[in-house]
Ligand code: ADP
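One chain is shown next in structure tokens, namely the form predicted on its own.
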Amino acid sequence: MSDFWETSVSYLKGVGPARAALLNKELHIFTYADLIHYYPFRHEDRSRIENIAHLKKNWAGDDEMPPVQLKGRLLQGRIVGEGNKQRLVALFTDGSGDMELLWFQGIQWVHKNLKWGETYLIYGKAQLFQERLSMVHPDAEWFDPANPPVLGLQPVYSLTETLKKKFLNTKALSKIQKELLKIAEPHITETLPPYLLEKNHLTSKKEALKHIHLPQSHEMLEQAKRRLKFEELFFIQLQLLKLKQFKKSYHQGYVCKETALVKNFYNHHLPFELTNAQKKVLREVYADMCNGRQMNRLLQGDVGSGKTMVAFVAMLFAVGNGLQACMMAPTEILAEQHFKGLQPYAEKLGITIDLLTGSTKNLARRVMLGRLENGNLKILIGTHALIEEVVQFERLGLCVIDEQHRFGVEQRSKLWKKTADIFPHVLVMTATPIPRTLAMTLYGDLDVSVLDELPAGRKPIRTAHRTESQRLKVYQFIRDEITAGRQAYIVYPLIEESEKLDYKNLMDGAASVKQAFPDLNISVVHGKISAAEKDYEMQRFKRRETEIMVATTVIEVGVDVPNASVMLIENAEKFGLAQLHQLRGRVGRGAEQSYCILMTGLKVSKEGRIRIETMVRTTNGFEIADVDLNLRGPGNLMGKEQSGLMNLLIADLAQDSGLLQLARQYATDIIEKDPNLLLPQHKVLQIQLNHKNKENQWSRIS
């Protein structure tokens, strides 16, 4: 990258030190390179000027009318109302008719700075009420006949309130971008090989940057967006594939061979026939663990698809080859559940297994760590406690990480350092289905396995939407299920900003449930009770000492009760799709038919309705994940720990899946034909990769 692009924005005409400091702090824009890559998030079409009479005549209804641009005189405005009901009202006329303009914020400043009686271009969404047109907070620009504004597509940038208050609005930023483009043109170099541009009909980098900030037509804007999105997604895929190649080439893994231990388990102790999906995934895992390279595999499987059994067989494969294995879970409840589920099998096979969590007593911990270090302890299940420095293995060969999206990359990397010479094989698992586009970007350096089949005998959960008016029928249905020997969950939402309100809602709910079912035993579980109390209540429920569990989302990942057949989710519209799907997965774990009831009020937002309808329509986690991606976007879907690759400047994984797959295909072809990018036509790619964000030390971690 030339020195030009490293120049501070403070040197740009129209910026200066004060504005530069604001751009640094508010938008993290420090250099010319940062500025030119700060793209508009949308463009407004200001190429046409409407007139008021035409607008009234063709009125199609409030929600359907797009924003419009009008040119006319701004007549004297007046401030009306008192206190917080004050507003500025002005009359605007264009000769064909007139309309009212209204401002509710910054009214004194607006009143003082508008040129009353002068001609203005105004832009905004018009409203029609009782045959009178109005526009709230229009964008108003004084029309200077000597220097008329250029009509056309105008960029809109994402800005903070602080910037707007300091008059660094979208127009000001657009003007600054224009100044930069004037001097930047000779310094913009092509970043993609000519054959890629030609094959995909992509415009040049120079044209793309020019028309994303200052588009001359809709066509040029679309070409610019397509080019910049493709480039962004292509280089992410290229980086991920290079990383994958690096791991396969340089990271040695323990070489495993077929072992009698696994055969013994299959022949004498396996409680059920593995599904075809489980067998396929295990073949992939075996192949990885036998080829001499470190396994880095992501196992995606819906709730109840049998991931834990796959992980256990993989651990047996490691132990049978003289290695140790560990499994890290995000919560004590989940770690203990894995331990209790696997302990009987391990003991039958004569394999030592133990549990390490924050609650493990010091004496037991010391003994356990000693056995781990001398190799007598073969399988260790635990929480974050596993990554503490005092936890040392003799020969750790396999790390299984459950619900991996709950661990940051740095946390996971600490498991790598538990062996001196060779990296352990890594199997990361998630019950949160990840849309294919997101998996390709977030885990593009991992091999991905999918469990898309439920074990035999499991029946799909039936899901229904009910409103408050149907509560008595819902309660009667729960009573019928309990009379038939089943159990039920009733879950209330958790809104982190308001713990007191959460607690009140839950306790009010629990009181109502006790009133409705006075003859039944009820467990109440929430975040304010200790881990020991929580566990006590969950174990009571598991032992059928209580028939109903009233809880917040603490049960989303955790307790496994095959006898529970009903999941009633209160205020279901307040939950995200992933949470609803996880909660539903708490039932349907036995052979009996299970049910999920989504209870909402009568008024549900458009997004809330889509979530509810999706849950009722399908139990397919991947279909649900795709809807969630479209509703929430990738950043929100994955959480803070995974946000590194999600800082996309222009591409949108929900909308640009076709472009992502195209970028992935080209990146794959290039790495297969020219893995070190040594061909002359790929020199530009090597240069660009070297310029990409300096590789973070954690980027080599699965």
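Just so you know, these numbers come straight off a predicted model, no measurement behind them. Residue positions are given as counts along the sequence shown, with the first one as 1.
One more form of this protein, predicted in complex with adenosine-5'-diphosphate (ADP), exists but is not displayed; see below.
Screening K244, H111, R371, R589 for any heavy atom within 4.5 Å of adenosine-5'-diphosphate (ADP) in the predicted complex leaves a single hit, R589. Between adenosine-5'-diphosphate (ADP) and the residues V426, L577, L101, V303, the one pair within 4.5 Å by heavy atoms in the predicted complex involves V303. Contact check for F272: a heavy atom falls within 4.5 Å of adenosine-5'-diphosphate (ADP) in the predicted complex.
adenosine-5'-diphosphate (ADP) is not drawn, but in the predicted complex it has a heavy atom within 4.5 Å of R458. Contact annotation for S565: none of its heavy atoms lies within 4.5 Å of adenosine-5'-diphosphate (ADP) in the predicted complex. Contact annotation for D535: none of its heavy atoms lies within 4.5 Å of adenosine-5'-diphosphate (ADP) in the predicted complex.
The chain is drawn here without adenosine-5'-diphosphate (ADP); in the predicted complex, the stretch among 305-313, 184-192, 68-76, 160-168 whose residues come within 4.5 Å of it by any heavy atom is 305-313.
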